[in-house]
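Just the one chain here, the form predicted alone, laid out as structure tokens.
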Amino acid sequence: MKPPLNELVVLSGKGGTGKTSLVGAFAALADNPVLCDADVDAADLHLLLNPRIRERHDFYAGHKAAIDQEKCIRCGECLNWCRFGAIAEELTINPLLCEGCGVCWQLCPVQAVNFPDNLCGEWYISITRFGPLVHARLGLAEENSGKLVTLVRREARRLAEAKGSGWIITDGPPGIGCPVISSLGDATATLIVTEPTVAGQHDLERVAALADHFDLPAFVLVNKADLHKPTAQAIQQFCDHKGYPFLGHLPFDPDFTRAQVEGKTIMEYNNRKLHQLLTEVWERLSAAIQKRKAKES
């Protein structure tokens, strides 16, 4: 009998809070997980997991206009209608400025404007020492990262269902924007990682409010907690008041960075104290998620 499938999305209000390091630790601790890097604008989970790419796929989203110079009659209608400054006086289109609105394509009197699908990046299915990883790379200055997040999460779920995995562990994007919203749909729970600063507490409140909007259980962990213990305690009190399950405090430890430099998760690095702390966090978190899901079903 296949275990029930849970997807944990690890989020933070900004980059650099330790989100990817925690996902790497959970990858080492979970049983038969499928891993997903949904931070497609700045994916870095592969730096810890050294994946071997098994499948490579192009990602298309939106459109970019291009003028066929052989058909163009130099009437200038496209230049007159473009509101984004993407068309130069010599009637060529700068793809970095084109917003893909299509007005030049629609209004060209001789159909000299092509409007093909836009190649935005690539997505991959890879093999790691902990299990499959679905990840992606968005092109420079490209948009539609929310659509790409949805795609990699859908592929991760397909893989997990095919291999009978009980866990999808997703490294989510920072902040509360479109990519984060795309990372939360149909998830089981989220872990919000924060820091003991005023900005960290404010970011936590915003991400937690977003999780509430999606009726998604939100667990909280303070990383680098010993950098300012009063704020770390204030964050814990906020969680107790709001009813967010609080998983504890992790200390600031340069071994997280040393492990990254060596391409290892912290669970593969020689730090027994962190091993014990993170094992306890994972056991509490996974047990709570499974208990909640059992009640819902």
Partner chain sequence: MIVSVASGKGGTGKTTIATNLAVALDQPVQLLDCDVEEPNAHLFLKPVMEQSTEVYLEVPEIDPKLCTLCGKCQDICQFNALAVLPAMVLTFPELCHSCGGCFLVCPEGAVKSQQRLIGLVETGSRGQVRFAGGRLRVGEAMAPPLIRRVKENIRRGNPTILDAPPGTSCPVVTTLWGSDFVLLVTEPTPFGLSDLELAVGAVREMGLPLGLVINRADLGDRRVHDYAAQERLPILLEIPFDRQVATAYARGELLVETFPAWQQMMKQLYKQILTISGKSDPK
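Numbering follows the first chain given and starts at 1. Here the structure is a predicted model, which means the values were calculated and not measured. By rigid core we mean the largest C-alpha set that fits within 1.5 Å across both forms.
Same protein, other form: the form predicted together with its partner chain, not shown, and the subject of what follows.
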**OP:** Quick one: find which of 68 to 76, 118 to 126, 172 to 180, 154 to 162 has residues within 4.5 Å of its partner chain in the predicted complex by heavy atom distance.
**Re:** 172 to 180
Subject >> Option touching its partner chain, based on a heavy atom within 4.5 Å in the predicted complex, out of Leu191, Leu184, Val113, Leu138 >> reply: Leu138
Original post:
For Pro132, is any heavy atom within 4.5 Å of its partner chain in the predicted complex, or not?
Top reply: no
**OP:** Answer yes if any heavy atom of Thr257 is within 4.5 Å of a heavy atom of its partner chain in the predicted complex; otherwise answer no.
**Re:** yes
Original post:
Does its partner chain come within 4.5 Å of any heavy atom of Val220 in the predicted complex?
Top reply: no
Subject >> its partner chain contact at Cys101 in the predicted complex, heavy atom, 4.5 Å >> reply: yes
Original post:
Taking its partner chain in the predicted complex, which residues of 188 to 212 have any heavy atom within 4.5 Å of it?
Top reply: Glu195, Pro196, Thr197, Val198, Ala199, His202, Asp203, Arg206, Val207, Ala209, Leu210
Original post:
Cys82: with the rigid core matched between this form and the one not shown, does its Cα shift 2 Å or more?
Top reply: yes
**OP:** Return yes or no for Cys108: a CA shift of at least 2 Å between this form and the one not shown, with the rigid core superposed?
**Re:** yes
